[in-house]
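Shown here is one chain on its own, the form predicted on its own, set out as structure tokens.
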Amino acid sequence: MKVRILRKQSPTAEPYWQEFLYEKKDNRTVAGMLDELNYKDNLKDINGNPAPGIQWECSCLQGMCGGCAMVINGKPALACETFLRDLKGDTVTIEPLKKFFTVADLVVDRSVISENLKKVNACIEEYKLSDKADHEQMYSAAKCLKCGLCLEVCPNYKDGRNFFGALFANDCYLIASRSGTQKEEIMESYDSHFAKGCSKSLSCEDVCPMKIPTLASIARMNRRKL
């Protein structure tokens, strides 16, 4: 099979496409394939030219960290959870997430996610739940990996300056569900940085690796029954 990767050697370099040949193994994930290509002492592209190792991020390789988020055959996904047997055709096309700055190859800078949360003080300070807390929804919302896949497919998210995306909505729900002085402040931040910009396309739910029911978080925030 052919592996087509959009590459970039440094933050200031121009991106380019490079293709490799790979013997398809149905039980391999895209992460496993990238690892196997990099294990070669002398990696060569499809034309036999020497190629530098493919730069990409990973940590747990079990779908729990979100580090290996990338665009695979046009769809944002985790490389460690995408099996080659599930991909159609004889070519796998891999690109970095496009809504973030590309550092090198498939490595992107997702620091805007944490910076936005810091900007509006979106952190859990108290752990006492309100009497109306929906524990099941809170448990689901708390699974967010901050991988950025929801932002990649969101038609409303651009650079993160004003609209913070679905992951922010889930965090707001978690914070507002807990008793404390943060509730009013986080409600205002939710209105400013999510509610006014969301068009409810819900593409975020389609790509979420943790299957978080973000619509439920949005509904509870909009009703203000927390």
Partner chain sequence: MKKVCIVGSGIAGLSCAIECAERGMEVILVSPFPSERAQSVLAAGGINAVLSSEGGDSIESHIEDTLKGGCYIAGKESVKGLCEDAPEIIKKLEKLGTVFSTGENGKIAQRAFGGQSYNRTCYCGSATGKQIVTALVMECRRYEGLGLIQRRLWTDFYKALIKDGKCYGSVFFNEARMDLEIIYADYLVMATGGQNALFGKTTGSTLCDGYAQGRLFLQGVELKNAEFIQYHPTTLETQQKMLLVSEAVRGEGGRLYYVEDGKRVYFMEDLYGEKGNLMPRDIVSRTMERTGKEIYLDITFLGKKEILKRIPEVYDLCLKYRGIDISRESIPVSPSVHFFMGGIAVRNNHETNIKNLYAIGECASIYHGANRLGGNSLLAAVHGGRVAAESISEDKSETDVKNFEKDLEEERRKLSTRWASESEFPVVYLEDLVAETLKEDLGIVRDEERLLNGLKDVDYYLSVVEKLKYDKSEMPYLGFSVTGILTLAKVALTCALFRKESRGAHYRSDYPETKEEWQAATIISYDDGKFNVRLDSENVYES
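Numbering follows the first chain given and starts at 1. In this text, all values refer to a predicted model and were calculated from it rather than measured experimentally.
Absent from the display: the form predicted together with its partner chain. The rest refers to it.
Annotated contacts: Met64, Leu145 and Arg178 all touch its partner chain in the model of the complex [non-hydrogen atom within 4.5 angstroms]. This chain is displayed alone, yet in the model of the complex one of Val107, Ile94, Val153, Ala77 has a heavy atom within 4.5 Å of its partner chain; that residue is Val107. A single residue from the set Lys158, Lys200, Lys196, Lys40 has any heavy atom within 4.5 angstroms of its partner chain in the model of the complex; that residue is Lys40. Residue contact check for Ser189: none of its heavy atoms lie within 4.5 Å of its partner chain in the model of the complex. The shortest heavy atom separation between Ala122 and its partner chain in the model of the complex is within 4.5 Å. In the model of the complex, its partner chain sits within 4.5 Å of a heavy atom of Cys58. Not displayed here, its partner chain is kept clear of Lys88 by more than 4.5 Å at the level of heavy atoms in the model of the complex. Of all the residues from 81-98, those having a non-hydrogen atom no more than 4.5 Å from its partner chain in the model of the complex are Glu81, Phe83, Arg85.
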